[in-house]
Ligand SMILES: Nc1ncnc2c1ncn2[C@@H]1O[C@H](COP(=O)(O)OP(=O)(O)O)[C@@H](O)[C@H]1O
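A lone chain, given as structure tokens: the form predicted on its own.
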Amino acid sequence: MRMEEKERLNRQMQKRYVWLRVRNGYKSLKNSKPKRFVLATFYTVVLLAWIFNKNRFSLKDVDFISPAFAALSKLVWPIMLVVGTVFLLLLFGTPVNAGRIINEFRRIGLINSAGETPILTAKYKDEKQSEVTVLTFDGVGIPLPEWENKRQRIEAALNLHVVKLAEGKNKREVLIFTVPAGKPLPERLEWRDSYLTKDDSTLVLGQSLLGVVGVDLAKIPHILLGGSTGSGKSMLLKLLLMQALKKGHAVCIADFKGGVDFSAVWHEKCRMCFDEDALLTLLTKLVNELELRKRVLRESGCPNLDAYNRRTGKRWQRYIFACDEVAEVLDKTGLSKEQKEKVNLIESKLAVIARQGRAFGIHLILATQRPDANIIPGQIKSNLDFRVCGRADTVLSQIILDSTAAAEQIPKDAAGRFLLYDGTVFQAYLFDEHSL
């Protein structure tokens, strides 16, 4: 882009910035009594000065002042009111440190092809989390994924923790949710039964800098847990299953590592299976249950399990099927033709549950170290919308989250630290399974 074109675009952006500041100043004026008081005081002072000077001194009394100039001089005070109002609106609409933030963004290379940097248009406390400050930007055409890629640079430049990046009311607006840099996540969080939610479908995972992290199975029915060995995904899986049991859900677990990762208490409270035949039998029963519920809901005119329970007063259980290392089940490497056919049947049953399970209260929680296409087919993985990644390298993070964020944001020595599909970093609750 030629220099003249960049200068023209820069002038346009400056005009847009002035308008944004005036508009935001007007909005803040409506919501702030102190600012309204300042504006009212300014009007009062100008009007009093106008009246005082009008009574004490008039240009008409001066012989060498022309009548035209004397008439024009009367416009000084109205002009002062208008100019002063615009100045105050600009002042009210300019967030603190807006200029410094623009300079910092320029230093880290967060600019568009015309060399323009995002413009800070508003800065306010989050309504739900008072310790969270939300920075609103005009993104000058820089897409959200590019902001995500520069998250760590933004944190270093602004000396803040960026806990969430999101689009605003339109594609141009970008919201950065921040907390002070001196407020890190705890390295260890012990589980307490008081953390258990009251509603039937919500399971909690841990805490982020924005508060408690949870998943509502009625809205996002299936979960994929990934991460390298020792990242804590098995403990997170047990945390979710423990809550499901306490809520009265039926929990089924496939463990192809001989069941050694699940103590006797899990065998007492859950249905366990350790081989392909038992797993296929279990999944067939779950699919049959799904078809039964589909027919009953259709006949009763209810759209989902919760609506049916409310209307009939019954309490159909939710079913949770979990697999600790799904690669042990679905990996076809080195299998015979007969074994591959059996795995294909297992895949087809899982695919049915993945596609249709939400409305009928049948859910999947699949944990694996590397959920690539060779392990989890696309027809299953595409329906595992709630994705959680623990410690991982760039390749593994890309496979799980479709981004390298986990490799960048989770320390290599962190245990129990995870990243959600939406960019939220959280510390998982540490659950003692002996207290189940």
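Residue positions are given as counts along the sequence shown, with the first one as 1. Nothing here was measured: the structure is a model prediction, and the numbers come from that model.
One more form of this protein, predicted together with this ligand, exists but is not displayed; see below.
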Stretch in contact, per heavy atom within 4.5 angstroms of this ligand in the predicted complex, of 301-309, 234-242, 100-108, 213-221: 234-242
Would you mind picking the one in S208, S228, T94, T85 that has a heavy atom within 4.5 Å of this ligand in the predicted complex? S228
Given that the partner is absent here, does V425 sit within 4.5 Å of this ligand in the predicted complex, heavy atoms only? no
Contact test in the predicted complex: L436 vs this ligand, heavy atoms, 4.5 Å: no
Quick one: is A415 in contact with this ligand in the predicted complex, heavy atoms, 4.5 Å cut-off? yes
This ligand contact in the predicted complex: D277, any heavy atom under 4.5 Å: no
